[in-house]
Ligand SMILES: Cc1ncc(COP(=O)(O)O)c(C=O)c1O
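Here we start with a single chain on its own, the form predicted alone, put down as structure tokens.
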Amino acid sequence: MNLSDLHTPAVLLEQSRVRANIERMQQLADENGVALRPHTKTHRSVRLAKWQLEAGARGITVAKVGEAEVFAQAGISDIRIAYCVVGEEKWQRIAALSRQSRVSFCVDSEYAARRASAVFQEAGVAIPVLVEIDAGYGRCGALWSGDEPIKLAKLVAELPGLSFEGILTHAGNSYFGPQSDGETLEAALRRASDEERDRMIDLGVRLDKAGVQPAVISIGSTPSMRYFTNTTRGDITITEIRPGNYIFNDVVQVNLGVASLTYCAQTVLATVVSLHRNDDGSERFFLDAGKKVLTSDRAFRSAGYGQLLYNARVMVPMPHAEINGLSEEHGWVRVPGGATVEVGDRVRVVPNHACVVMNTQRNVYLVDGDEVVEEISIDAQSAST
């Protein structure tokens, strides 16, 4: 099958780039002596998760209990829910899951630890639990520098039905870019990466001194992995990384300096459905891909909603064209001069945020250039809880 046979809009995955991205991150993990546990919220596909495991990943990460259920049903045996799971119904589902896969999850409150303990004790299981840490992002987690994570780790270690596994954080602040005048993108990424690593190791040392040494110290976002190098203090070191977006990359990663366009494996194939000239001499054209595919997410340092490509084989951007607006079914493109397309032409777009795009689809297409290799199902697309 050729790309010309596909209905648009369609999400495409360049097979060679997906494979290369998987291998590149696995090599980083191996060189630093850490387990790679990729976050599958990026692709939500059993097929792609198994590619990552075959390349050397030691388990997977998910965000929802429903996603864990999908991957466990597919035979994946080690699943970490990197989320503060709260709710008796969800804990009961985790207890049931633990009978077919090794499943772990996070807490960041005494309430969640005690209530989960009661559910698991009644179910007759012991579930590995990680204390989620705020190492600088400011979202969920016990603050890394205080006593709260030590108290919580001790509580988890003591409660029946729970098994203290370690600590986990997400350096979402690695997406913020430079934070001071004169700071470069590279310096900002290095700072975020070093802070994530050093703060978690520091906490690991304090936990060890308190008698609750973490078997797992888990970090990682795709940007903070760009310059990651592991270190050790005594017996304490980073043991696990959990990047997700790296399997595809996107405009956010390109603009942050994490990846080049040639590393971007995901594109949206769209058709030009309308073209008009404006009074000021510029032209505007419209794609059949709007918010429902490209999403309304913005990229770091970008005014548009994705990068149009002039040549998708070598990833050359379309000059001057900007996707400057979206409605549900339309992408609005403005070109200061004359457009290089006509109504009926097909174009490729690198999305701003690859993860969200995948969650809009039931199926995507694995491609090799203009050839469609295989249709891949998005198995966890509807696993929202």
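Note that the coordinates shown come from a computational prediction; the quantities given were computed from them, not determined experimentally. Don't overthink the numbering: it's just position in the shown sequence, from 1.
Absent from the display: the form predicted together with this ligand. The rest refers to it.
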**Message:** Since only the chain is shown here, I'm wondering whether residue 41 would be in contact with this ligand in the predicted complex (any heavy atom pair within 4.5 Å).
**Reply:** yes
**Message:** With the partner left out here, check for me: in the predicted complex, does some heavy atom of residue 197 sit within 4.5 Å of this ligand?
**Reply:** no
**Prompt:** Would residue 221 show up as a contact with this ligand in the predicted complex if we use heavy atoms at 4.5 Å?
**Reply:** yes
**Prompt:** Does this ligand get within 4.5 angstroms of any non-hydrogen atom of residue 242 in the predicted complex?
**Reply:** yes
**Prompt:** Thinking of 82, 139 and 175 as one candidate spot, does this ligand come within 4.5 Å of a heavy atom in every one of them in the predicted complex?
**Reply:** yes
**Complete:** Exactly one listed stretch (107-115, 157-165, 222-230, 292-300) reaches within 4.5 angstroms of this ligand in the predicted complex by non-hydrogen atoms, and it is 222-230
**Asked** Which residues, if any, of 293-329 lie within 4.5 Å of this ligand in the predicted complex when only heavy atoms count?
**Response** none
